[in-house]
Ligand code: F6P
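Presented as structure tokens, the chain that follows is alone, the form predicted on its own.
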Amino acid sequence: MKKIAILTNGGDAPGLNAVIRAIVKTAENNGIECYGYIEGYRGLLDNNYVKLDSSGNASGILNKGGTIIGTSNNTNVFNLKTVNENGEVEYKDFSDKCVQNIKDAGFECLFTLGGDGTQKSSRDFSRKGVNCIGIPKTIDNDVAATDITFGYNTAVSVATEALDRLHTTAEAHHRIMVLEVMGRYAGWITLESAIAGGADCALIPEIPYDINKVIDKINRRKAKGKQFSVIVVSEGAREKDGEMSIKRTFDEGKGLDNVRLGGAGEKLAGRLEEMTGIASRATVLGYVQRGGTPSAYDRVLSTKYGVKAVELAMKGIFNVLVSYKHGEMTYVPLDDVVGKDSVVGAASSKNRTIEMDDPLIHVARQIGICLGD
């Protein structure tokens, strides 16, 4: 193996640069040249790439947030939205052009750093003869077949710090403070930050909540002399028989999440103030969770992922996702990550959500955190 390429796709996450650094260093130590496609699958389509060098552009990036080679979260090259000469919108498959770009450049393996959508395209490229190795990236921690994704620990740490700060103002003003965090269809950030930050309620997508259960928890605290409450709510949480709070919808084609969530925190705070008479305020943490410096844990985890990915490539093990299971780095087929459907360009059919027998659920209940059920 002489030449490999990396792309980072989807939303940015702390640790992307640490993975890039680990891949580049490991490759160089084994006589392999490393390149990076600019702005994810968009760069692959445009054939836009740069050589990565641990003594140059890939130096000093271990603690840097974002990604030095950019990313794209609206480019599904298998079903890309285009406008024809008549001004009409069409969806076209440009994947063969991407495959030819990889072959022409002489890249023997493509490392895809991203979440379930990124890995779905990676699996589809593998079916077209491209040697792909996926590395799971998302702060939501919802990529199937791995215990933890890089970026998640940093996001939880940021959310926990926010809860620490909200506690003081909640207590000072006798308010209900609601913190809305990311997570979409999985409540990992919500639940773990609630435990770490001493929240009173954690409302997650996996458990549609009963607003009266939340109010009961607030009233029980008042009866014990606690004149404030702190609640963490996932952006994808919803009331029983209710819908997720959708801010905007898009039409970017199959294989992309065309829904932008927003408003779950404000909605909950408004309902609680109306029903309890207690002043309630919502804070939306938003992109703060996935920007900035990665935690020490994520730096180490990202480095492990990068090293393992190159080692797999050198052994000729392709079309897999590097996976962290039971404390060890291993790998699983990409089909196990995104589902085995044969519809090229469609969305991934798998997400790792919280099961009701998960230890975090048990711990939260045991220490009195209300889950809204």
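The numbering used is simple: start at 1 and walk along the sequence shown. Values in this document were obtained by computation on a predicted structure and should not be read as measured data.
Just so it is clear, the following notes concern the form predicted in complex with 6-O-phosphono-beta-D-fructofuranose (F6P), a form of the same protein that is not shown.
Heavy atoms of Arg299 never reach within 4.5 Å of 6-O-phosphono-beta-D-fructofuranose (F6P) in the model of the complex, leaving it off the interface. Contact check for Lys217: every heavy atom lies farther than 4.5 Å from 6-O-phosphono-beta-D-fructofuranose (F6P) in the model of the complex.
Proximity of Met177 to 6-O-phosphono-beta-D-fructofuranose (F6P) in the model of the complex: non-hydrogen atoms within 4.5 Å are absent; the residue sits far from the partner.
Among heavy atoms of Asn73, some come within 4.5 Å of 6-O-phosphono-beta-D-fructofuranose (F6P) in the model of the complex.
Exactly one listed residue, out of Ala194, Val233, Ile139, Ile135, brings a non-hydrogen atom to within 4.5 Å of 6-O-phosphono-beta-D-fructofuranose (F6P) in the model of the complex: Ile139.
None of Val143, Cys98, Met182, Leu163 but one reaches within 4.5 angstroms of 6-O-phosphono-beta-D-fructofuranose (F6P) in the model of the complex through a heavy atom, and that residue is Met182. Look at 264 to 272, 291 to 299, 183 to 191, 76 to 84: in the model of the complex, residues with non-hydrogen atoms within 4.5 angstroms of 6-O-phosphono-beta-D-fructofuranose (F6P) sit in 183 to 191.
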